[in-house]
Ligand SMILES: C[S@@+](CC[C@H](N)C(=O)[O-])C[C@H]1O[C@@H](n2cnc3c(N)ncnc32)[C@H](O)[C@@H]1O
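One chain follows as C-alpha cells, the form predicted on its own.
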C-alpha cells in the first residue's frame, strides 16, 4: 500500500512491467454497506451519459453477481447503467482498456480482509497490447535463441534501480534479437548490447531501428566468456544469460548433463568478466533452470563466482534456500531464475 499522490499513474504502470493495476482506496466498510458505498461513489463521480462500470474482487470474496445487481438496483431510475463483467466474472486489464473503463467508466476493486471490505477505484492498468506490439510486430524474431517476454525484460530493468532511480545506461551481453535493449530504450536508457552471433546482432539493430529510428548504438560482437579489450561504460548489466539447448520433450539425465555443462561454462566465464570489465556495479541476470519429474534443477558452479565477486541482493518470495525469483510457463521445460547482484567491491565502499 502506497500513501501519496501519483501524477501520471498510467505512465508509471507502463514503466514497471509487472504491475497489473494501480488503484485509489475509497474506504473500508462492512458487507452490509458494500453495495451502497459503491453506488454512492459512482453517482458522485460519474459525469454524463451512460454509466459503465465493473467489479473485480479478491481474497475469497466471490459474490460479484449480488453486488453488481444490488448497485444497479440502487442506481436504477436516476441513471442509465451498464456493467462490463461478462458472466459476473472478474475483469482483466485488457477489458479495462477495451471497454474504456479507465477514461469513460469505472472499475471498483473489492478486497476482503476478515469481516471488513476495502473498496478501490482503478486509475491505471497494464496495457498488454503495447507489450504485444513490441514483441510480435518487431521485424525479426528467432525462436532458436529463446524468447524473453518483453514484460519480464521490463521488470528486470526495473530491478537495476538503486534507491528507486534507473541507471542511465544498461548493457546486455546476450542481447539476441534485442528484447532487453528495446525495453531499455523505451524507458529512455542508453542500451548497449553484444552477442556471439552476428546474425542476431543484425536482427537486434533492425528491431531497434524499427521502433526508435536510426542512431548510433553500441551493438557489437563479443563472446561473453572472452576478456574485454577495455572497460565498457555501462551503469548496470541486465540480461537473460545463455539458456542452453532447447528441449521440446521430457528431459533425461544425458540432456541435463549437457545442458548444465554448456550453460555453466558460458555463464561462469561471463560473470568473471563482468566483475572487472563493466563500469557499473549492479547486475540483473536471468539464469536457466530445468523442470524435471524429480523437481527443479539449478546451476551450482556459478554460485561460486557469484559469492566471490558479487553480493546477492534478491528478495526471494519463497522459503527456498536460493535467493532468487523464478519465472516459468507451465508447458516450458526450461525456466528463468532471476538474481539481482551488486559488486562486492562497491558494497564494501558504501
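Quick caveat: nothing in here was measured; it's all calculated off a predicted structure. Numbering follows the first chain given and starts at 1.
Just so it is clear, the following notes concern the form predicted in complex with the ligand, a form of the same protein that is not shown.
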Task: 4.5 Å heavy atom contact, residue 196 to the ligand in the predicted bound form - done: yes
Open item on the list: My question is simply whether residue 176 lines the interface with the ligand in the predicted bound form - judged by any non-hydrogen atom within 4.5 Å.
Closed with: yes
Task: 4.5 Å heavy atom contact, residue 200 to the ligand in the predicted bound form - done: yes
Open item on the list: So in the predicted bound form, is the ligand close enough to residue 223 to count as touching (4.5 Å, heavy atoms)?
Closed with: yes
Open item on the list: So the ligand isn't shown here. In the predicted bound form, which residue out of 266, 102, 81, 259 has a non-hydrogen atom within 4.5 Å of it?
Closed with: 266
Open item on the list: I need to confirm a contact call. Of 106, 131, 242, 117, which residue comes within 4.5 Å of the ligand in the predicted bound form, counting heavy atoms only?
Closed with: 242
Task: One stretch from 183 to 191, 223 to 231, 92 to 100, 107 to 115 that, in the predicted bound form, holds residues within 4.5 Å of the ligand by heavy atom - done: 223 to 231
